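Single chain ahead, by itself, as structure tokens, in the form predicted alone.
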């Protein structure tokens, strides 16, 4: 007797963290590409959908912004703003807070008269008034305040000399890189260590695309790696805290619960007044055990990890355990 599985019922029973997860693969192999598409385009997956909002709020909202504040208290260097980028930070506030209120009208609102603004965030039981351009009107400064309201990291690129320069940002959840080190560098220099992308001219094409962005235009792309445990802060600054586990996790029976697929949804926005380009980097983590609850995902992730070229696996820091992860997925 054959057994019929109601896949719709199985999908309906999945938790929201799986239904909303931005699954990053379109095939059973992966190579670097720009993979840019319009912002807020809804993407249907085998588990649900994602992508309908610019600033996604999920079950981790309060814990994520709390963790960001704790990281910044320990290491203020995670905020960098070169003096000429102050207008871009205020431009981001004037762009993102209204968008967030529009997407969450039951829990947030934004009102502006001239440069005087009022922001209400019911999820945080917060109401604040501030003045655009007056850094002292927001406790901790405008960029730290904005980082306390959204789950995304932020990187600001200035355009000059026919190139893009990373001149400001707030990054507490970096995937093995350092904002403090990269601030002041050109776009090409930042991506120099990434294998293949310079030779294949991916960085050059990406930069040309960004240089052509018009004020107010919004696009997005995804990027991925693996992370051990639900650890958001895997910055270079905290390397000793998380890197040693890469060498031992392959033999850990808890590997399926501890190894997470880490996906970044990166929004690319040409800010309308300053002309700076804002990268929003939202990080999502889903364990391999959760991945395996969606059979198509289990198969694809297993085969992507098995097929990934060694130089790319080494750069992502997963070469010592990607085979164990792939073997588990494909045997499940």
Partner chain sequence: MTATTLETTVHPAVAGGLLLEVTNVSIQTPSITSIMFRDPSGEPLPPYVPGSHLVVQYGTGANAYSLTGSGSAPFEYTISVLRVEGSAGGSLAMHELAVGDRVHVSRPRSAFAPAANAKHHLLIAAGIGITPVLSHARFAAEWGAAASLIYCYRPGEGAHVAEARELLGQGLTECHNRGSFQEVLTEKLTTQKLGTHLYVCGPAAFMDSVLEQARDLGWPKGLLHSEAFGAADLDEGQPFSVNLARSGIRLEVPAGVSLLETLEKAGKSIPNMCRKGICGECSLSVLRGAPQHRDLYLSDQEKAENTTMMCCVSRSLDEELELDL
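Positions refer to the first chain, counted from 1. These figures come from a predicted structure and were not determined experimentally.
The following text describes the form predicted together with the partner chain, which does not appear among the structures shown.
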Quick one: does residue 90 come within 4.5 Å of the partner chain in the predicted complex, counting heavy atoms only? yes
Is there a heavy atom of residue 274 lying 4.5 Å or less from a heavy atom of the partner chain in the predicted complex? yes
Partner proximity in the predicted complex: residue 247 to the partner chain, non-hydrogen atom cutoff 4.5 Å: no
Wondering, does residue 112 line up within 4.5 Å of the partner chain in the predicted complex on heavy atoms? yes
When the partner chain is placed as it is in the predicted complex, which of 43 to 51, 300 to 308, 265 to 273, 283 to 291 ends up with heavy atoms within 4.5 Å of it? 265 to 273
Exactly one residue in 161, 251, 73, 127 has a non-hydrogen atom within 4.5 Å of the partner chain in the predicted complex; which is it? 161
Please identify the residue among 105, 215, 122, 184 with any heavy atom within 4.5 Å of the partner chain in the predicted complex. 215
Heavy atoms within 4.5 Å of the partner chain in the predicted complex is the criterion; list the residues of 66 to 88 that meet it. 84, 86, 87
